[in-house]
Ligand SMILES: C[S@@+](CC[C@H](N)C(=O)[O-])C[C@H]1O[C@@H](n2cnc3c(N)ncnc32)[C@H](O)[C@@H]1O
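Quick setup: one chain, the form predicted on its own, written in C-alpha coordinates, and binding and motion questions come after.
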Amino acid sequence: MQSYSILAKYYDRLMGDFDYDGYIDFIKDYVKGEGIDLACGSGEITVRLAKAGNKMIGIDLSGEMLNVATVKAKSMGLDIKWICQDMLDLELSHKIDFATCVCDGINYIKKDDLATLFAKVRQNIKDGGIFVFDISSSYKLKKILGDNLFCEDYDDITYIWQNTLKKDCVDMDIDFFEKIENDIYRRIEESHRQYIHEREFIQSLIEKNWDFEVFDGEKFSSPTSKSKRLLFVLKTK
(Lines give C-alpha, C1' and ligand atoms only; values in the text may rest on other atoms or scores of the structure.)
Protein backbone atom coordinates (compact mmCIF):
# COMPACT_ATOMS: atom_id res chain seq x y z
CA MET A 1 0.00 0.00 0.00
CA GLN A 2 1.78 3.13 -1.22
CA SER A 3 1.55 6.02 1.21
CA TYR A 4 3.03 9.50 1.53
CA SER A 5 4.99 9.50 -1.72
CA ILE A 6 3.32 12.52 -3.33
CA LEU A 7 1.40 13.52 -0.21
CA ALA A 8 4.65 14.36 1.60
CA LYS A 9 5.23 17.22 -0.82
CA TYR A 10 1.86 18.84 -0.10
CA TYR A 11 1.09 17.54 3.39
CA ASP A 12 1.64 20.80 5.27
CA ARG A 13 -0.60 22.73 2.92
CA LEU A 14 -3.38 20.16 3.10
CA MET A 15 -3.11 20.15 6.91
CA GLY A 16 -3.40 23.93 7.05
CA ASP A 17 -6.51 23.83 9.23
CA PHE A 18 -4.87 21.76 11.98
CA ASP A 19 -4.29 23.88 15.09
CA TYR A 20 -0.63 23.06 15.71
CA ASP A 21 -0.07 26.14 17.86
CA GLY A 22 -3.10 25.38 20.03
CA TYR A 23 -2.00 21.75 20.35
CA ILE A 24 1.50 22.72 21.47
CA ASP A 25 0.15 25.32 23.87
CA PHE A 26 -2.02 22.65 25.49
CA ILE A 27 0.65 19.94 25.85
CA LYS A 28 3.70 22.13 26.56
CA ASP A 29 3.44 21.76 30.34
CA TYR A 30 3.36 17.96 30.04
CA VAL A 31 6.31 17.46 27.68
CA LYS A 32 9.66 18.80 28.79
CA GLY A 33 13.23 17.58 28.37
CA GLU A 34 14.28 15.01 25.79
CA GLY A 35 11.53 13.50 23.69
CA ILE A 36 10.67 11.48 20.62
CA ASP A 37 7.92 12.34 18.16
CA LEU A 38 6.51 9.11 16.73
CA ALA A 39 5.01 9.13 13.23
CA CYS A 40 6.40 12.65 13.05
CA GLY A 41 5.54 13.12 9.37
CA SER A 42 6.71 16.48 8.05
CA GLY A 43 7.98 17.41 11.51
CA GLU A 44 5.55 20.21 12.35
CA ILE A 45 5.09 19.09 15.96
CA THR A 46 8.74 18.01 16.26
CA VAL A 47 10.15 21.39 15.30
CA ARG A 48 7.70 23.24 17.53
CA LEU A 49 8.73 21.12 20.50
CA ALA A 50 12.39 21.71 19.64
CA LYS A 51 11.82 25.47 19.39
CA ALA A 52 10.25 25.30 22.86
CA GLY A 53 13.63 24.12 24.19
CA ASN A 54 13.25 20.34 24.08
CA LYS A 55 15.85 17.96 22.68
CA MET A 56 13.95 16.10 19.97
CA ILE A 57 14.10 12.92 17.93
CA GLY A 58 11.64 12.41 15.07
CA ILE A 59 10.73 8.95 13.83
CA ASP A 60 8.64 8.04 10.79
CA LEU A 61 8.30 5.14 8.38
CA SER A 62 8.17 7.44 5.34
CA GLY A 63 11.51 8.59 3.96
CA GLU A 64 9.72 11.19 1.86
CA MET A 65 8.12 12.76 4.94
CA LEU A 66 11.44 12.74 6.79
CA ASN A 67 13.11 14.52 3.87
CA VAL A 68 10.56 17.33 4.25
CA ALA A 69 11.10 17.39 8.01
CA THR A 70 14.89 17.51 7.66
CA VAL A 71 14.81 20.47 5.29
CA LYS A 72 12.35 22.26 7.56
CA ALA A 73 14.48 21.79 10.67
CA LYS A 74 17.67 22.90 8.92
CA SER A 75 15.97 26.05 7.64
CA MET A 76 15.18 26.91 11.28
CA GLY A 77 18.65 26.06 12.57
CA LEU A 78 17.30 23.22 14.72
CA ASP A 79 19.39 20.18 15.62
CA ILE A 80 16.91 17.29 15.46
CA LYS A 81 17.75 13.63 14.93
CA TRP A 82 15.52 11.91 12.36
CA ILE A 83 15.06 8.13 12.22
CA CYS A 84 13.33 6.20 9.43
CA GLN A 85 11.74 3.35 11.34
CA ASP A 86 8.48 1.61 12.18
CA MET A 87 7.47 2.82 15.64
CA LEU A 88 6.61 -0.78 16.54
CA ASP A 89 10.37 -1.41 16.37
CA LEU A 90 11.23 1.49 18.67
CA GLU A 91 14.48 0.94 20.54
CA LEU A 92 16.58 3.85 21.78
CA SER A 93 20.08 3.79 23.23
CA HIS A 94 18.86 5.52 26.40
CA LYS A 95 15.58 6.39 28.10
CA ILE A 96 13.92 9.72 27.36
CA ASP A 97 11.51 12.02 29.20
CA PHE A 98 8.51 11.92 26.89
CA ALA A 99 7.02 10.71 23.63
CA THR A 100 4.37 12.17 21.34
CA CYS A 101 2.34 10.78 18.45
CA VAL A 102 0.16 13.42 16.84
CA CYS A 103 -2.27 13.54 13.91
CA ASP A 104 -3.60 9.99 13.72
CA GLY A 105 -0.34 8.05 13.89
CA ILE A 106 -2.00 5.57 16.26
CA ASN A 107 -4.79 5.00 13.72
CA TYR A 108 -2.24 3.45 11.37
CA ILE A 109 -1.50 0.72 13.94
CA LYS A 110 -3.55 -2.48 13.85
CA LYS A 111 -5.61 -3.26 16.93
CA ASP A 112 -3.54 -6.37 17.65
CA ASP A 113 -0.31 -4.31 17.62
CA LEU A 114 -1.39 -1.54 19.98
CA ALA A 115 -0.29 -3.35 23.13
CA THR A 116 3.17 -3.80 21.57
CA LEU A 117 3.38 -0.10 20.80
CA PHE A 118 2.47 0.97 24.33
CA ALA A 119 4.98 -1.52 25.75
CA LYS A 120 7.72 -0.20 23.45
CA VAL A 121 7.07 3.39 24.49
CA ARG A 122 7.06 2.42 28.16
CA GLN A 123 10.39 0.62 27.79
CA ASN A 124 12.03 3.67 26.24
CA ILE A 125 10.93 6.44 28.60
CA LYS A 126 11.94 7.15 32.18
CA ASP A 127 9.85 6.46 35.24
CA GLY A 128 7.41 9.33 35.54
CA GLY A 129 7.69 9.92 31.78
CA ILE A 130 4.87 11.19 29.60
CA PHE A 131 3.29 9.85 26.42
CA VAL A 132 0.93 12.18 24.54
CA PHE A 133 -0.96 10.83 21.55
CA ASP A 134 -4.22 11.34 19.73
CA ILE A 135 -6.55 9.35 17.52
CA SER A 136 -9.24 10.12 15.03
CA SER A 137 -12.22 8.92 17.01
CA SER A 138 -14.55 6.09 16.12
CA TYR A 139 -17.25 8.72 15.56
CA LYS A 140 -15.10 10.61 13.06
CA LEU A 141 -14.00 7.55 11.09
CA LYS A 142 -17.44 5.96 10.98
CA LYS A 143 -19.74 8.96 10.66
CA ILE A 144 -17.66 11.66 8.95
CA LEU A 145 -14.91 10.04 6.89
CA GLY A 146 -16.25 6.57 6.18
CA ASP A 147 -17.84 5.96 2.74
CA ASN A 148 -17.49 9.63 1.80
CA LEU A 149 -15.78 11.51 -1.02
CA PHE A 150 -13.71 14.67 -0.54
CA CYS A 151 -12.17 16.95 -3.14
CA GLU A 152 -9.94 19.99 -3.00
CA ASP A 153 -8.54 22.11 -5.81
CA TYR A 154 -5.45 24.33 -5.74
CA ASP A 155 -3.60 26.04 -8.57
CA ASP A 156 -0.90 23.36 -8.71
CA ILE A 157 -2.55 20.30 -7.16
CA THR A 158 -6.02 18.76 -7.05
CA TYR A 159 -7.01 15.69 -5.10
CA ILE A 160 -10.00 13.37 -4.97
CA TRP A 161 -10.21 11.36 -1.75
CA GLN A 162 -12.55 8.35 -1.67
CA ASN A 163 -13.09 6.47 1.62
CA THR A 164 -14.47 2.99 2.16
CA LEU A 165 -15.70 2.06 5.62
CA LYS A 166 -14.99 -1.51 6.68
CA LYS A 167 -15.59 -3.39 9.91
CA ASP A 168 -12.51 -2.17 11.77
CA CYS A 169 -10.91 0.37 9.46
CA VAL A 170 -11.36 2.99 6.76
CA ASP A 171 -9.54 2.53 3.45
CA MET A 172 -8.57 5.81 1.84
CA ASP A 173 -7.79 6.04 -1.87
CA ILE A 174 -6.48 9.40 -3.01
CA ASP A 175 -5.95 10.52 -6.61
CA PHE A 176 -3.62 13.50 -6.95
CA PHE A 177 -3.48 15.58 -10.12
CA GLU A 178 -0.27 17.57 -10.02
CA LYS A 179 0.23 20.40 -12.49
CA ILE A 180 3.39 19.99 -14.52
CA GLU A 181 3.05 22.97 -16.87
CA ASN A 182 0.23 24.95 -18.45
CA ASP A 183 -2.69 22.49 -18.68
CA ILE A 184 -0.60 19.34 -18.31
CA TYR A 185 -1.11 17.29 -15.15
CA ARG A 186 0.21 13.99 -13.88
CA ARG A 187 -1.92 11.61 -11.85
CA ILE A 188 -0.51 9.90 -8.75
CA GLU A 189 -2.45 7.43 -6.64
CA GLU A 190 -1.95 6.81 -2.93
CA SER A 191 -3.73 4.46 -0.54
CA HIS A 192 -3.98 4.65 3.23
CA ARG A 193 -5.72 2.60 5.89
CA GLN A 194 -6.72 3.96 9.28
CA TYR A 195 -7.90 1.56 11.95
CA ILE A 196 -10.88 2.33 14.17
CA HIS A 197 -9.90 2.26 17.85
CA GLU A 198 -12.55 2.63 20.50
CA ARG A 199 -11.63 4.78 23.48
CA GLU A 200 -12.56 1.99 25.91
CA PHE A 201 -10.23 -0.49 24.20
CA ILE A 202 -7.27 1.86 24.36
CA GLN A 203 -7.98 2.56 28.01
CA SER A 204 -8.02 -1.18 28.73
CA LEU A 205 -4.49 -1.44 27.29
CA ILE A 206 -2.96 1.46 29.18
CA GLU A 207 -4.62 1.43 32.60
CA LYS A 208 -2.22 -1.11 34.13
CA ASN A 209 1.03 0.78 33.47
CA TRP A 210 -0.11 4.37 33.01
CA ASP A 211 -2.14 7.05 34.73
CA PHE A 212 -4.00 8.95 32.04
CA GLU A 213 -6.36 11.75 31.09
CA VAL A 214 -8.43 12.02 27.91
CA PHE A 215 -9.38 15.27 26.19
CA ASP A 216 -11.13 16.49 23.07
CA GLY A 217 -8.19 16.89 20.73
CA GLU A 218 -9.61 19.94 18.95
CA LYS A 219 -11.27 21.87 21.77
CA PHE A 220 -8.80 20.71 24.46
CA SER A 221 -11.62 20.11 26.89
CA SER A 222 -13.60 17.12 28.15
CA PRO A 223 -14.43 14.73 25.28
CA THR A 224 -17.95 13.97 24.14
CA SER A 225 -19.51 11.20 22.08
CA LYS A 226 -19.06 13.43 19.01
CA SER A 227 -15.45 14.49 19.58
CA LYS A 228 -13.62 13.99 16.30
CA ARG A 229 -10.17 13.72 17.87
CA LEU A 230 -9.32 12.19 21.24
CA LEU A 231 -6.12 13.31 22.96
CA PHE A 232 -4.56 11.02 25.58
CA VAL A 233 -2.00 12.21 28.13
CA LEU A 234 -0.30 9.27 29.83
CA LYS A 235 2.13 9.23 32.76
CA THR A 236 3.97 6.11 33.82
CA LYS A 237 2.92 4.59 37.12
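The model shown is predicted, which means the values in this text are computed figures rather than measured ones. We number the residues from 1 along the sequence you see.
Below: the form predicted together with the ligand, not depicted.
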125-133, 98-106, 138-146, 162-170: which one contacts the ligand in the model of the complex at 4.5 Å, heavy atom to heavy atom? 98-106
Please determine whether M87 contacts the ligand in the model of the complex, using a 4.5 Å cut-off between heavy atoms. yes
Hey, in the model of the complex, is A39 touching the ligand, heavy atoms inside 4.5 Å? yes
Heavy atom of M65 within 4.5 Å of the ligand in the model of the complex: yes
I'd like to know whether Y11 contacts the ligand in the model of the complex, with contact meaning heavy atoms within 4.5 angstroms. yes
Please tell me which of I188, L61, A52, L205 lies within 4.5 Å of the ligand in the model of the complex, judged by heavy atoms. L61
